[in-house]
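As structure tokens, one chain now follows by itself in the form predicted on its own.
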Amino acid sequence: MKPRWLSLLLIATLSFTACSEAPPQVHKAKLFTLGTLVDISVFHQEKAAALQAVTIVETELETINRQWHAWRDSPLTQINQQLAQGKTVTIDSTSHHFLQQAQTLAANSDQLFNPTIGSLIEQWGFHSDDRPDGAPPSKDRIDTALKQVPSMANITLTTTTLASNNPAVQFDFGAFGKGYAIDRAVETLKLAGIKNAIVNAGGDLRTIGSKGDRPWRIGIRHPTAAGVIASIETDGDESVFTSGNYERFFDFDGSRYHHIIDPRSGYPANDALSVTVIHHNAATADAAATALFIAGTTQWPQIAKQMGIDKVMLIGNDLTIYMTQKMAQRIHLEIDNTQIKIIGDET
């Protein structure tokens, strides 16, 4: 039988430990990578563990950024050079997974998500950290590029090699790499024992868990005015991505030219202002937001169906809001007096 003094000591020790445990808090970090400001918020009890996990994530994001950078000297620019010379490129298992996922998403989008048109994007001046300054490319240059316009269908991929039957292939993963990197960041946090967090790269993000007893609440930017047009409360592990004509652009002779290039025309897509997608996978949401923006107001439901996307909000040029039924159940509109069209579930 335990001495009474020992039982009292155990009770006192347990009580002190319970009272001394700090409540979970949001621990934040910021870094500039992937061409944007990345905010990482971790809701966790132990600050040291949260910050250690964030440090690992920062390393992971920087590694991905260096690997797949489209215009600075990188392994990707070396791949582009080799493919232009008709060479077969040796790749590792990580690169194979990355490229295979991009190839599948491109096929499901009818190649509207097309990460092989880097030469077109470069012609428009978007292979730079700075905003383009000057005239758009001439029609002759665009027509020439369209004659040999490549797609992911030109790529032959094995577990160890990459080849192309079109020397015009020039990879630019700007509409996929951010989502892929966010997925890797979140999986890294999970492996570190983090259950509640948000990784936000310039407004595109993935969340896990919640912020205590509240969900993570996300604002969707208004495409033509200051402030937000809608908000979303995430449900556990979800990604929210938006593509808009206001993200990267330049003005010339009274016209605006943005970075989301339609591979069919060679010009910036012009049938939407923005598209927001919710999906559990950030890379899929990233590619889909771009593809649906290019698809525009009439074609987007079919492309969404093919890509397995059932939560979409597309804002047309006249500010008409098109939504799937499942998105309508999740979105909180912050504006009045706008036309809303709900499209039946497409998946």
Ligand code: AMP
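Just so it is clear, the structure is predicted and the values come from calculations on it, not from any experiment. Residues carry their position along the shown sequence, with the first being 1.
We do not show the form predicted together with this ligand, though everything after this point is about it.
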- Item | Options 228-236, 144-152, 85-93, 260-268; stretch whose heavy atom lies within 4.5 Å of this ligand in the predicted complex | 260-268
- Could you spot which one of T207, Q170, T276, N114 gets a heavy atom to within 4.5 Å of this ligand in the predicted complex? N114
- Note on the structure: Residue within 4.5 Å of this ligand in the predicted complex by heavy atom, from G174, P137, P223, G203, is G174
- Item | N281, D310 and V312 each touching this ligand in the predicted complex (heavy atom, 4.5 Å) | no
- Query: Is S243 a contact residue for this ligand in the predicted complex, using a 4.5 Å heavy atom cut-off?
  - Reply: yes
- Message: How about L162 - does it come within 4.5 Å of this ligand in the predicted complex, if we only consider non-hydrogen atoms?
- Response: no
- So, in the predicted complex, is I121 in contact with this ligand at a 4.5 angstroms heavy atom limit? yes
- Message: Test of understanding: in the predicted complex, would D183 fall inside 4.5 Å of this ligand by heavy atoms?
- Response: no
- Using a 4.5 Å cut-off on heavy atoms, what residues in 283-300 are near this ligand in the predicted complex? D286, T290, I294
